[in-house]
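A single chain comes next, written as structure tokens; it is the form predicted alone.
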Amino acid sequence: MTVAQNIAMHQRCDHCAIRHKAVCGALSDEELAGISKIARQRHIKPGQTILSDEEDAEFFANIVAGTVKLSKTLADGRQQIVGLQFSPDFLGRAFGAENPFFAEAATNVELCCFPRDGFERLLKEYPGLEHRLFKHTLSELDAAREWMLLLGRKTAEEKVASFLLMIASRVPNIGCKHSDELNFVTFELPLTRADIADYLGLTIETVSRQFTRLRTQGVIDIVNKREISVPDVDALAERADQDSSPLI
């Protein structure tokens, strides 16, 4: 990287919208300059593969914008959606030799990528970075346990409402319309109905019925095939049988 490119990258870090929420938010200005030297920006189109499961882990990334779909490949070749990641989540598993999952861009995605060797070296040099990554990992573990509860115990309506609430909760980070005064949010679904069904362990028909039911009850408004409006997030949380805090 040239001096001019290094300066430009450092300036992008200074003005990065997710800096204080991402793993690099724990870094001092001097440490931020160090990580900016190895960072590279990538833009991924919907449907493109970012990581392939069980292949060598070559890089990690902060998700700057967009939604990433995580899947695992079954023995018979089928893929099961196991998670979604949004800004400012960390993509990849540090100190792992292989990628633990298949990652695909569900929407237009912007990444800030770090080569594996360089990032793992900085984790050892910068204790704050390692600590921040550890906290992010624990948060993902908590979210996975909550999702296990949802899949195992909740009704179909509660599952669909919980999924919509999760997306609505990430609205400040994914650039959707939001009004605190009205408790109102509008967003575009990052998944198709088929993917939502796969993610929730339901049939497409069941997902469609629950969308219609929530719309009939005035909990949501289906603007078009992908765009959803939630006039009252608290009401959606009631249908999900949880509070309106993010499920991430």
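Under this definition, the rigid core comprises the largest set of C-alpha atoms superposing within 1.5 Å between the forms. Note that residue numbering follows the sequence shown and begins at 1. Treat the numbers as computed from the prediction; the structure is a model and nothing was measured.
Below, we refer to the form predicted in complex with the DNA, which is not included among the displayed structures.
J.: Just one of 22-30, 195-203, 37-45, 59-67 has residues with a heavy atom within 4.5 Å of the DNA in the predicted complex, so point it out.
T.: In the other structure, the partner sits against 195-203.
J.: Looking at S52, N183, T212, T186, which is the one with a non-hydrogen atom within 4.5 Å of the DNA in the predicted complex?
T.: Flagged contact: T212.
J.: Please pick, from V82, L151, A156, A143, the one residue with any non-hydrogen atom lying within 4.5 angstroms of the DNA in the predicted complex.
T.: Spelling it out, the residue with a heavy atom inside the cut-off is A156.
J.: Is H15 close enough to touch the DNA in the predicted complex, meaning at least one heavy atom pair within 4.5 Å?
T.: Close contact is absent here: in the predicted complex, H15 is far from the DNA, nothing within 4.5 Å, heavy atoms only.
J.: Return yes or no for K124: a CA shift of at least 2 Å between the shown form and the other one, with the rigid core superposed?
T.: No.
J.: Note yes or no: does the Cα of R145 move by 2 Å or more between the shown form and the other one after the core is superposed?
T.: No; that C-alpha moves by less than 2 Å between the shown form and the other one.
J.: After superposition on the rigid core, does the Cα atom of N108 shift by at least 2 Å between the shown form and the other one?
T.: Stays below the 2 Å threshold, so no.
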